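What follows is one chain in structure tokens, specifically the form predicted alone.
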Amino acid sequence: MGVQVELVDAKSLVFDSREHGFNTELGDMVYIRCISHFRAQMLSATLESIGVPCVNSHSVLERCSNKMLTTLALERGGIPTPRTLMALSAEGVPQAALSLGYPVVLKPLVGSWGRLVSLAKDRETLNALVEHREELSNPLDHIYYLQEYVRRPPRDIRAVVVGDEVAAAVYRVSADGEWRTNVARGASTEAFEPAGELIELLVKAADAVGGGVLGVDAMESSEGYLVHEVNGTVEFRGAQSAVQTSIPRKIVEYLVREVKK
């Protein structure tokens, strides 16, 4: 496309606050692809402080890296989501679970690939999960994010939203014996063409968290589509294997439009 690009390993970067810069030139715009969400947040914050725009922005990365912050943004944006409760200590978990009704889904505030996402079918199981979490050293693990268990087909929808466009969408179909639909958990992908109402919802959800290049996850429920997660550093190898559209080209076209603004 005639765009000059350079691949930079973020782990090699050093920022000097007095010099107001990094140990290498980083161009007119940086597209952040760090797997580490903490590294991505620090990188975006420092880049923006010296006037280098980032996709995604620091505020979007911060919002999407924490499930409760994502939920709050979606609720403010009028996006239908699974019912979610947050307990600020282990003491509040039993009452939150009773309010939701079993089974309940327990998720870490920060995390990806379905790690530490658990389904508690009864109080005994939930108590065991909480007891385990209380032994972990990270204070974030002692704040409890619980969601209702949505009865749905054995799949969800992953959409790669680029700006105001759904660049691609796929079904993620659960592997045998696995209720989670993460590709990292063995789920397969199938091409899926969203209709007008769903497209509008997916774009609106992306806009609710601040927009950019995002992975928006939705579920089919008896009440219609529910958006349950937005990923700020979306991985799309699985989606690209199932669709004909070039997701990278859509992203580059968006970056070029943004840098020319």
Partner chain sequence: MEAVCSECEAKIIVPDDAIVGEIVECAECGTEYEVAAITEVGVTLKKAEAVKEDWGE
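These numbers come from a predicted model, not from an experiment. Numbering follows the first chain given and starts at 1.
This next part talks about the form predicted in complex with the partner chain, which is not shown.
For this session: Check whether K121 has any heavy atom within 4.5 Å of a heavy atom of the partner chain in the model of the complex, and answer yes or no.
Result: Judged by the heavy-atom cut-off of 4.5 Å, K121 is well away from the partner chain in the model of the complex.
Exercise. Even though the partner chain is not shown here, does Y31 get within 4.5 Å of it in the model of the complex, heavy atoms only?
Worked result: No, no contact at 4.5 Å.
Exercise. Would R115 count as touching the partner chain in the model of the complex under a 4.5 Å heavy atom rule?
Worked result: Although the partner chain is absent here, R115 would touch it in the model of the complex, with heavy atoms inside 4.5 Å.
Exercise. I50: heavy atom within 4.5 Å of the partner chain in the model of the complex?
Worked result: Although the partner chain is absent here, I50 would stay clear of it in the model of the complex, with no heavy atoms inside 4.5 Å.
Exercise. In the model of the complex, which of 23-31, 38-46, 219-227, 192-200 comes within 4.5 Å of the partner chain (heavy atoms)?
Worked result: One stretch meets the cut-off, namely 38-46.
Exercise. Of the options P153, G92, G111, P80, which one has a non-hydrogen atom that comes within 4.5 Å of the partner chain in the model of the complex?
Worked result: Contact check passes for G111.
Problem set entry | Heavy atom contacts to the partner chain in the model of the complex at 4.5 Å, residues of 2-31 in sequence order | L7, D9, K11, in sequence order.
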